[in-house]
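Next up: just one chain, as structure tokens, the form predicted on its own.
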């Protein structure tokens, strides 16, 4: 089946050029060679126009939080892609930007001899802007393709303010999209033409990433204008590692997910969020593997579509709890960011949340910590310090403690606006799943987004949902976690 029209967006008014040298796929979000609607669409065009396929994956240096940690993880994925391209009838060109503006220059130059261009849809402001600017410069058609989630982003006609409202919409509308998965290997078609030969000036002015970036210790990263003080984390990126993590989750952790997912010391969560953020694995692939694991059939679906959290899928309690996180909550953030460009701003919070936070902005704070003290875990709260140290050291933070982590930053900051800025800075710098729609939806949730007003009102929080380390420690075991991650 071809890529659904609802996932394809035309970004300019140019037609494809029949005499172009290749179909160009600019890979920057769905950084994988399988389960990728954008790559599948590019391969469709390559067969239709009988042109070679050129895949250009780019890694920018100008992003506000580009640093050694994020670059190492992304390069693991590029190395996987380079190895996997061996034997495929397409060209793969990994490009690491060495100074701001090079990616734009490279794509503009390649576009001059392309038949048309396909790229990824990503709902954050900068990605949408960069694609539109490229479309305006190109002399050929540019298509943007949505590979983000099970529900196409254009399938919804509005933003959703709660998980419940999106869940009801999904239960009524998701089945046709669930039955139309992307191809596991869109490059397997033997009718693709041999890889193209690129103009010499491409190799001279924008050389592809070589062994200095894709293998070894990557000392070449030290010469890039990126953050040099946030070192790499132990977790390895790439599609191979993502598939291994999925295997472990399904084999060892899924059966414990519902009962132990909020227990930091059990750590039965999937650990897939960094791979999803960097596009090293698709939510389609995860969902298909889970449904196969559960021997699911569409007839399992409940006829009731009331937004129920469990029971609709006709799966085990553990599988349904996981799918609610992977589909409902993840895609809630993606949809919000597509519809609202103030997703990371205080004035993008619900009116009631802004009002109650501002009403209590002058409340006395029992503790005030500056960003350096928070960064290094130097607070009076051992559990919060441990959570921050897990983030700093491993690039990950246990999902349940992430909520507490944000709530305490709100309590210890001079203003709610400062709290929001601090959460975004720390998360986007250290978290391997940072700089993502889910980052901003999670931080927004801490401050009332996707939630409701709670009573009684409390100092600082007002009507915002309250959490404390003491209550958390009563609900879940944290002593070993604190010992493991103490500063």
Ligand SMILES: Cc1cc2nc3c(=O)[nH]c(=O)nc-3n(C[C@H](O)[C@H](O)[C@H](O)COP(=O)(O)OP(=O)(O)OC[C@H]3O[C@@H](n4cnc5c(N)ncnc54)[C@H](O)[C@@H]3O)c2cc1C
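Residue numbers count along the first chain shown, from 1. Note that this is a predicted model, so its numbers are computed, not measured.
Note that the form predicted in complex with the ligand isn't included here; everything after this is about it.
The contact residue chosen from 132, 302, 317, 325 relative to the ligand in the predicted complex is 325, the criterion being a non-hydrogen atom within 4.5 angstroms.
With the partner removed from view, the residue among 412, 336, 92, 405 that has a non-hydrogen atom within 4.5 Å of the ligand in the predicted complex turns out to be 405. For the ligand in the predicted complex, the listed stretch (392-400, 121-129, 84-92, 138-146) containing residues with heavy atoms inside 4.5 Å is 392-400. Heavy atoms of residue 438 reach within 4.5 Å of the ligand in the predicted complex, making it an interface residue. For residue 442, a non-hydrogen atom is located within 4.5 Å of the ligand in the predicted complex, even though that partner is not displayed. At a distance threshold of 4.5 angstroms between non-hydrogen atoms, residue 343 is out of contact with the ligand in the predicted complex. Contact check for residue 330: a heavy atom falls within 4.5 Å of the ligand in the predicted complex. The candidate spot formed by 354, 359 and 448 is out of contact with the ligand in the predicted complex: none of the three has a heavy atom within 4.5 Å. Contacts between stretch 242-280 and the ligand, counted in the predicted complex as any heavy atom lying within 4.5 Å, involve 257, 269, 270, 271, 272, 273, 276, listed in sequence order.
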